[in-house]
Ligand code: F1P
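Form predicted alone, single chain, as structure tokens, below.
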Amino acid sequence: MNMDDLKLSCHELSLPVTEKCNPISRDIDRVNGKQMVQILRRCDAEIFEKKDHDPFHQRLYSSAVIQTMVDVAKRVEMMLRDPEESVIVLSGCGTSGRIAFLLTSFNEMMKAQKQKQICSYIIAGGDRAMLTSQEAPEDDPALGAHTLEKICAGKKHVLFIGISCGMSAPFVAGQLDFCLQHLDIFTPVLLGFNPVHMARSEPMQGCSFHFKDVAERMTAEQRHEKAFVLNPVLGAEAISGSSRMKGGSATKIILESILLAGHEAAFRGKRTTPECISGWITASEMVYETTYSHSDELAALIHQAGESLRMKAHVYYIGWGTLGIIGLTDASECVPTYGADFDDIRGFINNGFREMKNKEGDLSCLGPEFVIGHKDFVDTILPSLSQNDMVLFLFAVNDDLHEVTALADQVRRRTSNLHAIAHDLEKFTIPETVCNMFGTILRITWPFSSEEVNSVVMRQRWELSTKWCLNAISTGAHVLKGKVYMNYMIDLRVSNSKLYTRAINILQRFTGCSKSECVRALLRAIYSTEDLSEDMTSADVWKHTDAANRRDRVVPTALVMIQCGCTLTEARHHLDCHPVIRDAVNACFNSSKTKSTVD
């Protein structure tokens, strides 16, 4: 190992697991669609890894993690047995908040039992954060605590589950701190995927505590079963730091397992045991195996989406029910993750916000990002649809297939670039006449169970499968477009403190420069100046992120400035000449005659 590689390895060691570079996907920017699917498959397999390669890191199947899930499921059971006085609150930021919203479909099971629906969600930034990036509220712990206090007013028993994949979100930290101060009412649960000692320890806006402090207090209270920490290690993300992928999938798997086990105990008399919880996780592992068994179709969809983005065209997800919500979620996450435009990949759902059933109702008046109904697609997108635009339908056999067929027929009159991800059941399949309407159809036929044809459980499996597919498609498309360098999302939008820290880590990773040098280059790119004033360098991080949120190509610009030792104007010229970031960086390496630290 040469000195540069040694420096990079040492830098990696200092990072939390969720921010590390995954060696499996190190060369994901150099492979074709089929190879990309296999890389993503291997990365997602780490969710279910049973071997403890590191005795200090618990895995999802570790006995301690399973037992904590059992303990939390028993709290769910208690809440369900006393619904009038109880509420279960799921909360998070970004991806975590969107998964929290999706999981409130658990209320449908309560409705079927003619019981009070007690599951609620909080997402930092409110309902608009489900469709657009609302990063600033994530950095406000006081806002988190206030939002939780408001939603739980008058309740005697609250099970609060705060989701922060990297164990770093101040919004969630503020809520957990509030719970710890009121343990007579709240049972707080922290769900994340770093060991407690790797939780974020930087100061938070207006607070005397940091996330690591909260996580350590939670761990102390767990000894008395007054709080719980669920933090299995999943391995690094396929795209470094992109917790929308493994983190989002594992969040869904863990919390659905807990909620379903609690429900079965409350209404079917099934005792919650480690074997019961393991069974639910194993069912999700079966969904993983089934989904990735369709690798050829998935690779074809990745290729098609990549071609659309490379030609500056668009990808449209047209979904039904909760599969439509999965599509909306995946599309919205591409903007902060890859610095994409909101209309590069867009999602639409049947009946718009009526189908979403979100707390704040119809948000379509807020702007084009919130125009999400199928009718909106037909009225505003379809007339100008081109052959280069990809349209991807997301539906299941129990959706309105007449509606699916009618809309597909309308799209086919404009373009043949129409594809689908479809779910059906043995003995209850989608007619071939419907399947034949699509160019590539990733059709998954699931084992038949008469009890599950219309059940929430089967729908949850379809959701998870669709999530894995769309994560692969949108990730692969942006990789093919050139938005990723190795397995780092270099062109991320630096819109909150977590992403500000990540941006500095990326610059250090690729340049080997000191933190102070990287910070200075980043600030030059953020404030678009060669001469940083004292006010700029001494400002709080939230002021930097507020300014950065209005800038494009912040991290690539800073990277090129460092590598070339060039001015801001020259760095932007490099990027204008080479829109694909990897090409710009390679051109920079060549022009400066600097040996690449990554090749």
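From a predicted model like this one, the values you see are computed outputs, not experimental measurements. In case it trips you up, residue 1 is the first one in the sequence shown, and so on.
Form predicted together with this ligand: not shown, discussed below.
**Student:** Report the stretch among 74-82, 439-447, 493-501, 357-365 that approaches this ligand in the predicted bound form to within 4.5 Å, counting heavy atoms only.
**Tutor:** This holds for exactly one stretch, 493-501.
**Student:** Applying a 4.5 Å heavy atom distance criterion, does residue 243 contact this ligand in the predicted bound form?
**Tutor:** The answer is yes: residue 243 has a heavy atom within 4.5 Å of this ligand.
**Student:** Would residue 257 count as a contact of this ligand in the predicted bound form, using a 4.5 angstroms cut-off between non-hydrogen atoms?
**Tutor:** No.
**Student:** Applying a 4.5 Å heavy atom distance criterion, does residue 169 contact this ligand in the predicted bound form?
**Tutor:** Although this ligand is absent here, residue 169 would touch it in the predicted bound form, with heavy atoms inside 4.5 Å.
**Student:** Even though the partner isn't displayed, in the predicted bound form is residue 135 close enough to this ligand, meaning a heavy atom within 4.5 Å?
**Tutor:** Although this ligand is absent here, residue 135 would touch it in the predicted bound form, with heavy atoms inside 4.5 Å.
**Student:** Exactly one of 175, 96, 466, 474 has a non-hydrogen atom within 4.5 Å of this ligand in the predicted bound form; which residue is it?
**Tutor:** For this set of options, the contacting one is 96.
**Student:** Only one of 165, 239, 479, 323 comes within 4.5 Å of this ligand in the predicted bound form by heavy atoms, so just point that one out.
**Tutor:** Here the answer is residue option 165.
**Student:** Counting only non-hydrogen atoms and a 4.5 Å cut-off, give the residues of 361-381 close to this ligand in the predicted bound form.
**Tutor:** Contacts from 361-381: none.
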